[in-house]
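As a starting point, one isolated chain is supplied in structure tokens, in the form predicted alone.
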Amino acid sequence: MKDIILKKFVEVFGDAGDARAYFAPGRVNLIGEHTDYNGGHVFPCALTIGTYGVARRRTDNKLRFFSMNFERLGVIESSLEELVPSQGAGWTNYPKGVMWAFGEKGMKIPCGMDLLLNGNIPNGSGLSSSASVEVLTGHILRDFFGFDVSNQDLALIGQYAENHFNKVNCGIMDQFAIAMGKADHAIFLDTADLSYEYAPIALKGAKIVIACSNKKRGLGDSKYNERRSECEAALAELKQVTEIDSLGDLDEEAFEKYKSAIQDEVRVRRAKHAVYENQRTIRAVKALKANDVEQFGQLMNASHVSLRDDYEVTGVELDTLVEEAWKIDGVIGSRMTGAGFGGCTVSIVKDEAIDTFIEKVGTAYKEKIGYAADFYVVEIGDGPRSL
């Protein structure tokens, strides 16, 4: 890939000069959905697919962007004086947002750059192509200008950019999983205090398979922010009757004891998902540590049911992929992953069942939905790096 992107860089921007190549992964969350902004636990891992980039410093303040995924848009020009979000800027709002965020944190970008990207994460899939671009940009800025920031700082800066520049009220999970990725490990992260541990993923005789629904969704204009505000309202009501800082502070028993304080039935269900999903995630990691992959799979299935019924973020596409997966012998667990409303499912499938899984789920999905899903057998990879 490095040779391909360097060659394209020369084609688009002329001489490569001192251009450097980089990579940042995508991520998939194995369990713990819509818990990250509710002070709960998540269990994501970085993937070996992600975003490749080539960058070169300029002697002026000009910014020139080119994406091999959106070649028809050509080179998009901006400058360090124009670090403001705009509809017409499209995907460049993500790297520009990170440059802006570095400045907001007191790290001024001293010169412009030419930046070419090529991602092999399906766009709009829910595998965090946007967070991958953000972490990649942060890694490039650190490498170019010697900013004293850790990988964890890159995650926080990426989230800050997404929240305040792109106005998507996301939690920390996506950027953290990408910035802190470790091969063959998932990250058990407590989003309340950012304490974390790496848990080895040893799926003997099985693989992680991602099914992309190919239903596009935009986070900013989805119901993502609505779900977040519903949980915030439920938390405020619960705080009237019990001392908590987040929904993640409650277990199931405490939630059932205090839930009558929530004045709206919809908010009860939203909060229930956040509480129960957090507890499922804690139990799932314990199961994995005990080599009980079957129990982990059952908790994945329960997670999807909760996201479908209590949080209502699945939709017919994701439900079809998961419900068809559950019918296949050799599927240990399957659930939607990411924000929902489209995007992907993640399944743990026994090696001997993978071909059948892809064929049968794919056929049933196309018959019901009218267009095809894409399937990826993925591996767990490291965080951002220079190539």
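Here the structure is a predicted model, which means the values were calculated and not measured. Heads up: residue numbers just count along the shown sequence, starting at 1.
The same protein also has a form predicted together with a small molecule, omitted here; what follows describes it.
- Across the proposed site, G32, C170 and G338 without exception bring a heavy atom within 4.5 Å of the small molecule in the model of the complex.
- Proximity to the small molecule in the model of the complex, defined as a heavy atom within 4.5 Å, singles out one entry of Y224, Y196, F255, F147, which is Y224.
- Taking the partner from the other structure, the small molecule in the model of the complex has a heavy atom within 4.5 Å of a heavy atom of Y37.
- Shown alone, this chain has one stretch from 338-346, 57-65, 43-51, 358-366 that lies within 4.5 Å of the small molecule in the model of the complex by heavy atoms: 338-346.
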